[in-house]
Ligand SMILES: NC(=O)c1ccc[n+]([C@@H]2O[C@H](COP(=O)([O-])OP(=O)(O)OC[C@H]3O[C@@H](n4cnc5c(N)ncnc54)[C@H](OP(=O)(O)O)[C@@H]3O)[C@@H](O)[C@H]2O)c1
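First comes one chain, alone, set out as structure tokens in the form predicted alone.
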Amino acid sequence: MSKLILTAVGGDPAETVRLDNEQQLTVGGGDVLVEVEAAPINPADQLFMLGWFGVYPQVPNALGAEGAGRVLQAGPEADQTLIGRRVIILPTFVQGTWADKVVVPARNVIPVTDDADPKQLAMLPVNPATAYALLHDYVALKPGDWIGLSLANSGVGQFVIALAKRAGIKTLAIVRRDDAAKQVQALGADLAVVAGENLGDRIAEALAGAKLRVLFDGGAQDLGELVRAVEDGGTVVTYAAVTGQPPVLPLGDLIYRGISLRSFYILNWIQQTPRNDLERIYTELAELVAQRVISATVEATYPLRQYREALAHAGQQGRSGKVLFVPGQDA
């Protein structure tokens, strides 16, 4: 069995990550053994390796938060009907999905359809679930409502746009490059605005009097400009921080206009959502993947042995899609 291990927190992943080979895996009573088909490299994984995430590494720490694969074996206390099923692996930052096989507690897997691309399913636990929660858990949205989305060409952004379009909700997408604006419009965003000078004025002109019910923020540096487009009493939800800076709203928007600033963290959501609801949501999302209603752009796939190249690629600015490990490519 091969897996990627973090040996030190911080520094260059080329030096702090190594490929380990284990001869035997032990499946506990409530565990399942999963043969991993695909596992993405997410920004959260990169932050985790640097010690900047909500979970701190306990080195040596197996790497990889999410993935998809087939159950090969189930412990005596686990559901035996899982054997042979394709499952998604929920993120914990403990068991590690950047591996060809992994043992996980049965509670951390959810069976999904066989009729979908396993690479797309591997990306299901984090970004599509985040998009689903953003659209359902904060504001009661209805067809015709406007939402705003910074970092709109990100993995989460792509799924928010697709799910909003399906529900008849209009999306204002804020991006940082002209080519990204074309990308999100092709995905179905109703309006796309490139960050820069006079952003607030350009957004107001584009919306032509409409206001945003909610703004989903992925770490915009000009959040004060964006919030001008949110209706009085509206909501800003921060779900990421690509700049590493905390979200800051003008005092007048908080006090005089009653704007609420809230947050989303996928690990809390998974822990706090009842199991029946998790299964329902992920089953629904998996079916949408199978129907090709939602998907994320895949830029490249790598075998585990090429982890240095994969991690370097995933860290590049201006990528157009996700980078994934596909352990089967090692064969």
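Numbering starts at 1 and follows the sequence shown. On a predicted model such as this, the values are computed, not experimentally measured, just so you know.
Below, we turn to the form predicted in complex with this ligand, even though it does not appear here.
Residue 156 is the only one of 121, 156, 227, 164 with a heavy atom lying within 4.5 Å of this ligand in the predicted bound form. None of 254, 194, 242, 72 but one reaches within 4.5 angstroms of this ligand in the predicted bound form through a heavy atom, and that residue is 242. Looking at this ligand in the predicted bound form, residues 151, 177 and 317 each place a heavy atom within 4.5 Å of it. Although the partner is absent here, residue 130 lies within 4.5 Å of this ligand in the predicted bound form, judged by heavy atoms. When this ligand is considered in the predicted bound form, residue 44 lines it closely, a heavy atom lying within 4.5 Å.
This ligand is not drawn, but in the predicted bound form it has no heavy atom within 4.5 Å of residue 52. In the predicted bound form, at least one heavy atom of residue 266 sits within 4.5 Å of this ligand. Residue heavy atoms within 4.5 Å of this ligand in the predicted bound form occur in exactly one stretch of 257 to 265, 201 to 209, 80 to 88, 102 to 110, and that stretch is 257 to 265.
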